[in-house]
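Presented as C-alpha cells, the chain that follows is alone, the form predicted on its own.
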C-alpha cells in the first residue's frame, strides 16, 4: 500500500472520483474513461492492480473488450480482481467462450478464483453446455473448499441441470444447506424432461417432508417437461396427481398436458379437462384452445375441432393452424383447404406454420398437385419456407414424379442452407428415388455432413424400389460398420430387395439375422416380404405354410403377397384361399376381386370370371381404371386406360400403329395372355394398346424433344405386354423411360429393363 500511495497522489481527484464511482455513472461518457486511462499512463499508475481493474471494468462497460484486454495484458502483476472484472463483463455480454479463455489465462498464472468468480464461470459452462470444463472448475472449487458457498452451489446446480447431468445435479442438490421452491422446481423439471417419474415423485415427497410446498410453476415445469420429451403417459399421470392434491391447473398447465392426453388417446380425460376449462373460464386463451383442438384431432374427433373453432370468438393464427392440422390428420383435407382459403380471404396473418400444415396435409392425403401449387403460392406471398416445409412438400414431388419441382425445392434448400438438416436430406433422397433418379439420391446422401438412421433407411429403400439388391446389401454392410443400429425399416428394405430379384437364400439369412443378432421381432411387413420372396421363387406351398405358422394374425398385405404370387405362378387353388381371406379383411377393395378374376382369365376359366364380375356388381364395386401420370414441360398429365376422349388421341393412335408395325417387323408379337377378356384376338390387341402406361409413353414421345427421358407413374402393376412394348420403344426411339408402378421401378434403356424381366 505504501508503494501505491505516491502514485495515487499524482492522479487528479476528478479521475480518482470517476474510477471510484459505480459502473452506472461510467455510462455518461466513454471519453472520461479514455481521459482517465491517459492520466494513468502518464502517472504510471496503470500498473497498480486495483486501479487497472477499475479501468478494465470501465472499458468493459462500453463493450471495448479489446482495450480492456490490452490493459490486462500490460499489467506485470495482475490480481484476481483484474481478471474477474473482465470475466464478469464478457459473461454479461454473452461472450461466453472469451470469458472462459480469460479464466484459463488467470488460472495459468496461479491465481485462485473466489466465490465471486466461480458463479460466473459455472454460468458460462451452462450456456456453452461445456460439461467437462464445468466439472474441472467444480473440482477446483472443491480443492479450495469453496463448494459449500450458497452462491457457488446454486450456480453449480444449474450448470449440471443445463448440461443434462441429473445425477451430478442431484448430488449438489443434496449438499445444499438451504433449498427453496425455485431450486426444487428446477430439479423436478429436469427429471420430467428425462422421463424419470419415480424421481419426480421422490422429490415431491422430500419437499413435503421439508415443508417446501410446490407452486404452480413447479407443476407446470413437470407437465411441460414430460410432454415436450414425449413422455405422455407420465404427463397425464402427474396432471391427475396435481388435481388430486388440490392444485388448480392454470392455462399453462392445461395447454401443456392436453397434447399428451391426445397422444395417450385418453379422450375421456380430455373431455373432463374440456369441462374444467369451461368452468374456469379458460376458453378465451388461444393456447388452451389450440391445445384442445390438437387433442381432439389426435383423438379423431373432428366434430370437437369444428365446434371449438366456432366457439372461439377471435380468429387467431395459432388456433387456425391447429384446426388445419387436426382436420388434415383425420383425412378431411378438403375441409382443411376450405378453411385455409377462408383465412386468406379474411386477410389473416398466415405464418410459415399455416402454409406448412396445409402443404403437409395435401401431400399426406393424395393431393400432390395442390401441395405443389400451395408451395408456389407461399413463396409468392413472401412467406419463407423453413426446414419443416421442404420435407413436407417433397413427398408430393415424389408421389407424382414431379422431378422439376423436386429439383427446384432442392435448389431452394441449397440457397437457404438447409442441406445439413437430416430431415431435408432424407426427404430429398426419397424424392429422387421415387422420381427414378437413384444416382441423385446417392449424391445427396454422400454430401450430407451428418447422417442418422432415417437417411440410411431412405437410401436403402430407394435402391430396393429400383430392384438393386446388391447395392442395398452393400449399404446395409456400411450401416453396420457405423455406430448406428439397423431397425425394422432397414430389414424391410433388405427383404423387399431380395424379393425383387429372387435372392431366396439371402432373404432367409437376413430374416434370421433380424431376430438373432439385433433382437428385432419380425413384423407383418417382414412376413409379407418373405411370402412374396418364396412365392415369386415358385415355393407357394412354403409361403402358405409360413403364413399358417406366423405368431401374428396375417393382414391384407401378407395375404395380398400370396395372391399376387399365385397370379405369377398361375395357382388357382391357393389364390382362392388367399382371395377369400382378403374379401373378409378388405370387403370394399375391388382390387382383390379383379386380381382373382385375372388369375381365372389367364387360365381361360371364363365362367369363374363372370361369377366374380357379377359378385362385384352385386356389391356395387367397380374396377379401378388403369391410370398413368407423366410430366411434360413442368405440367403433370393424367391418362386413363382406354380413354378415347384425349385431345391428342388421333396422334397417339397413329404413333402406336407405327410402333406396332415396327415391332412386328422385328418379330415382336403382342402377348394376348394379358388381355384377360374373352373377345376376338384383334379386339384383345386393341385392349392391350389402350393400357394407360402405353398411352402415357406415346404421349411423351409426341410432346418432348428427341432423346429426352420419359417419367411415367402407374396406379397398378405394369403388365407383361406393356413391359415388352416399352422395352422395344426405349431402343426404337432412343429414349430412357422410367416407369414406376405400385411395386417397383422399371428403368428402360436400349431395349433392356433394369428389372431383368423379373418382377
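Positions refer to the first chain, counted from 1. Between two forms, the rigid core is defined as the largest C-alpha subset superposing within 1.5 Å. These numbers come from a predicted model, not from an experiment.
Separately, the form predicted in complex with the DNA exists; it is not shown, and the next lines address it.
At least one heavy atom of residue 317 is located within 4.5 Å of the DNA in the model of the complex. Interface residue remark: residue 130 is not counted as part of the site for the DNA in the model of the complex, having no heavy atom within 4.5 Å. Contact check for residue 619: every heavy atom lies farther than 4.5 Å from the DNA in the model of the complex. Looking at residue 180, you'd find a heavy atom of it within 4.5 angstroms of the DNA in the model of the complex. Relative to the DNA in the model of the complex, residues 233, 312 and 496 are all farther than 4.5 Å at every heavy atom.
In summary, among the residues 387, 613, 307, 451, the only one with a non-hydrogen atom within 4.5 Å of the DNA in the model of the complex is 387. In summary, among the residues 336, 400, 641, 186, the only one with a non-hydrogen atom within 4.5 Å of the DNA in the model of the complex is 186. Per the 4.5 Å heavy atom criterion, the DNA in the model of the complex is contacted by stretch 290-298, the sole one of 538-546, 290-298, 604-612, 648-656. For the stretch 348-387, the set of residues having any non-hydrogen atom within 4.5 angstroms of the DNA in the model of the complex comprises 352, 353, 356, 357, 360, 364, 386, 387, in sequence order. If you fit the rigid core between the shown form and the other one, you'll see the Cα of residue 491 move by less than 2 angstroms. The Cα shift for residue 178 between the shown form and the other one, taken after rigid core superposition, is 2 angstroms or larger. In a rigid-core overlay of the protein, residue 219 has its C-alpha displaced by at least 2 Å between the shown form and the other one.
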